[in-house]
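Before any questions on binding or motion, here is one chain by itself as structure tokens, the form predicted alone.
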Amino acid sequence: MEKVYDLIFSVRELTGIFQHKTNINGLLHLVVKVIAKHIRTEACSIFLLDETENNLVLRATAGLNSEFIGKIKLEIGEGITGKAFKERIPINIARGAMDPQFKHIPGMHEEQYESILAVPIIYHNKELGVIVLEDSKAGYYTPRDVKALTLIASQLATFLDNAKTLLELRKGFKDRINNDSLHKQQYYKGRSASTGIAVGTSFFMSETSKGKYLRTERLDYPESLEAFELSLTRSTKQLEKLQEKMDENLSEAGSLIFASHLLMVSDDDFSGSIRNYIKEGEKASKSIVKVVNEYIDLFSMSGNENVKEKILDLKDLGHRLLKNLSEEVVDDGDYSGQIVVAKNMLPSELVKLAAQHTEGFVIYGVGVTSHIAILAKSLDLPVVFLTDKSFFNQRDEYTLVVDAYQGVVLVNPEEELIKKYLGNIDSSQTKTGSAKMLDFAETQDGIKIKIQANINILSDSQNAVKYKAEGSGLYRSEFLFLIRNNFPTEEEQVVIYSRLLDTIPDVVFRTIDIGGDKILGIADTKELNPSLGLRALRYSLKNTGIFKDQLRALLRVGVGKELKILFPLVTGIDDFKKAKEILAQSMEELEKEGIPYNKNPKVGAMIELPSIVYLIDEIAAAADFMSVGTNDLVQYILGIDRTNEKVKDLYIPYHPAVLRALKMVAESAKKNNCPISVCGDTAVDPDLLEFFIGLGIRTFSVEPRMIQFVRREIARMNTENAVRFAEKAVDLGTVREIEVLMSERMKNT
């Protein structure tokens, strides 16, 4: 204990640093230098909790890139640092980069270090942050070093608590005065909504009072009337071409998705106003901006529910006109080379921007299980969600790297880092499809498992075929409504559903699931607590006209085929029977009208609510099939809003209550001879996948790109082992016990 005693005694010199005339950041820097000196280590850093954003922020470092101070933000539980904070225990890693918990941060210069020691800072039984040591020698830190740093953290706790408080109080002020902060390289940690990497120039599409307006994007436009007329002609041709492409590639979006754009460019009042300003001596670029912003003000005064989307349409059109005004205009006049930054984004807006070749998106604080995340995966767009509001208050253009694999946004990165990311984009594109495709899934002991595809938009069906899906276990029909932001007619739905069945004959059609985190502007679903409000089947039962249009369309396309209709968010027998009654009424109407329809559709119930678990025997007896939607089931059993960043670490799919509910459902399905499948995100988790197989479930539906991964995982499993694993798991009463069991399973595979 001699080394520890010396350290405690010499730590008194820390009081001397307060005699230096400096700010809080300067004092923290002196602290990490003193700690590094005492423990004779090459790097020392301090992370403190930001309670407003509920993440850990790098506040001081000696030995790492100091430019990242205040910019590195880790989620609770993320990386070795986040884990030490969350579990309130010191973590000593001999080779940090080899540890599965290690989080690489580009440009941080951590790659030169091997050993990592992270110790939580506790004050009055409250977690304040983490002190992290790093050294280039592997296995450098001893148990005595762990004790020494723990004691130092205790000694410093009072000072660090005060420092944290002052930093948080000054945060708002700094955000206001540091308007040019993004001109330096910065790192923002968010959450991935999809995969992929995008590199481009930022384009802020905000709805704040200032951000909603169009601005000129450069200084050297051709400013003549002739240049404007050419821009107008180019824009019209491009928009017409876009509409044709949309009808071919994303027909559910509707052929008139760019109708408001085309209406404006063909409106003499709109274009005439721009011409008049130019004739009066105003520059062409400023005339475009002036008229577009006048129309934005006009639209802002309207009480129409769709005003938000139309304002963004106007700004989008203005952006196109300005880009086409340039003599260096590209053929499409679109968002190529740009990354859209937005505080809010409707699915219909995302689709329009994606069609215009946007490289990627940075969106404010939406949960990764939302409709935007699902749509981003289908459109193969790199999207990262950020909760740091200061990022969205900027107005200038910056070079951005959006790393949707790690949930990272880099601002003005160094040239070498950009080249590295561009190389990663190229390599990821060449690796696609390199692994051998499996035609089906089979366990080691010869049990066949059916793997189907979740379909969100028609283009997903092509990937489903590519990755050899055995049909679609879940067609999320609400995306047909969401990406149009309107209610398609019965005839329009017939066209879309028919095209899907032409590609994939075996499809489970889930009726619309809007509400909750799936917002349809015209549906009037805004509520104080949308997850517990008028969503999914509840909405359909309240709006029988919309519901019947969809059911009639499904019945019509199901002629001569096996038709499967799935009702979402069923609470019990009552609403399930009521939905079936409306289905029967739709069949009677079609019969009277002499329209051919499927007279024997199979009707299923989604298992997503605790209430249905308690009534599972009745539902299993009444339904033709059941589908377990684990995303919502976890949310409602645990009372966790799955889109709320503050409680995301409590969203635990393997919680004992969830596992026991799943066992009840699987047993009832078997007893009542009711086919059952799992279509939630948990189906791609190897541990939970084996648990499901152990329960006797043999059908899963996953995102198309995950089909081959799931098949390869199943090929490593044995059903007898899976049964034993499931039996052990449901007998355990704590999350920690289940995590230990899963860890043991990993060692044995």
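None of the values given here were measured: they were computed from a predicted structure. Residue positions are given as counts along the sequence shown, with the first one as 1.
Keep in mind that the form predicted together with a small molecule is missing from the display, and what follows is about it.
- Here is the short version: of 189, 315, 564, 535, the single residue with a heavy atom within 4.5 Å of the small molecule in the predicted bound form is 535.
- Interface residue among 198, 606, 152, 131 relative to the small molecule in the predicted bound form, by the heavy atom within 4.5 Å criterion: 606.
- Proximity of residue 672 to the small molecule in the predicted bound form falls outside the 4.5 Å heavy atom cutoff.
- With a 4.5 Å cutoff on heavy atoms, residue 630 counts as touching the small molecule in the predicted bound form.
- Remark: residue 680 counts among the residues lining the small molecule in the predicted bound form, judged by a heavy atom distance of 4.5 Å or less.
- Contact annotation for residue 642: at least one heavy atom lies within 4.5 Å of the small molecule in the predicted bound form.
- Residues placing heavy atoms within 4.5 Å of the small molecule in the predicted bound form fall in a single listed stretch, namely 471-479, out of 471-479, 655-663, 262-270, 233-241.
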